[in-house]
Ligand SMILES: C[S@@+](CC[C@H](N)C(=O)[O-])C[C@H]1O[C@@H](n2cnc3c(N)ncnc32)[C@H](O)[C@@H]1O
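A lone chain, given as structure tokens: the form predicted alone.
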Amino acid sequence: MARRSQFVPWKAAGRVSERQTDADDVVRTTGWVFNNETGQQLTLASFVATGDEEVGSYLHTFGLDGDDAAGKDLVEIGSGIGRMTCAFTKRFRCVTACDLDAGFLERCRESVARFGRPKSLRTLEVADGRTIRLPDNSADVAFSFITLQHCRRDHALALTTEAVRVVRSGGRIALNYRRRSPIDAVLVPVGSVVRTVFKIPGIGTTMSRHRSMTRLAWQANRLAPHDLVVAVGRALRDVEVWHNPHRAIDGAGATTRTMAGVNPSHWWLVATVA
């Protein structure tokens, strides 16, 4: 754990989720899963509904919702407690939900049991933060949203390489990253400090109940399209970089496309595996 400081807030949040009565209680009491809100009016159903809407939008925009999707296998990198996983299980033959914390995966299984299609779900713990224990060419789609920015840079690059490895030739990847912005001059150093505070016994558990502290702790890297083209570009074709229309980006030779729903601080790598 000492060598993997970025895991500390993830594990603390996972332990908090394990101690709650059920996934509804996680949503009500931990603001990091629900728009920084807490309260008895919140439910797992409404939490999952936001994922249903976003999954439909992204799959359609990226061309991943074809009629043959029901016969395909998807790997989700960073499932959390299953906000998007439920929707994936209703659209794909098999969904492998990956996360580095077993507590999140336990709640993910609960979420899918209630609001998805459990027979389509597999879960996989990414214990080392960088390796997906699946065979080569074993999936048709790899998808990740608001996860790779929370990993150490080398782990994010390793998981990107893993996503390409597990997808069959002709399959697709849709991976989300956070780009650099002026606020990072403050945000990234503060995130490092918060991760250090998370290590203090008892403090991490309390901090993990609050979205602001957890999100700060999870701000671990910023990657540009060039970084990914260097890492995996030769293994891909039809590479697209999707970004917010109000903020230009250097696509590093890839086709750039815009989508209003993309956070201005984020971008997507969408491509076919060669």
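Residue indices: 1-based, along the sequence shown. Keep in mind it's a predicted model, so treat the numbers as computed, not measured.
Not pictured, yet referred to below: the form predicted in complex with the ligand.
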Original post:
Does Thr147 reach the ligand in the predicted bound form, with heavy atoms at most 4.5 Å apart?
Top reply: yes
Original post:
Does the 4.5 Å heavy atom contact test between Arg172 and the ligand in the predicted bound form come out positive?
Top reply: no
Original post:
Is there a non-hydrogen atom of Arg91 within 4.5 angstroms of a non-hydrogen atom of the ligand in the predicted bound form?
Top reply: no
Original post:
Asp99 near the ligand in the predicted bound form, any heavy atom under 4.5 Å?
Top reply: yes
Original post:
Quick one: of Arg195, Arg179, Arg83, Arg109, which gets a non-hydrogen atom within 4.5 angstroms of the ligand in the predicted bound form?
Top reply: Arg83
Subject >> Contacting member of Val166, Leu121, Val126, Leu157, with respect to the ligand in the predicted bound form [4.5 Å, heavy atom] >> reply: Val126
Original post:
Looking at 74-82, 110-118, 134-142, 186-194, which lies within 4.5 angstroms of the ligand in the predicted bound form, counting heavy atoms?
Top reply: 74-82
Subject >> Residues within stretch 175-189 having a non-hydrogen atom within 4.5 Å of the ligand in the predicted bound form >> reply: none
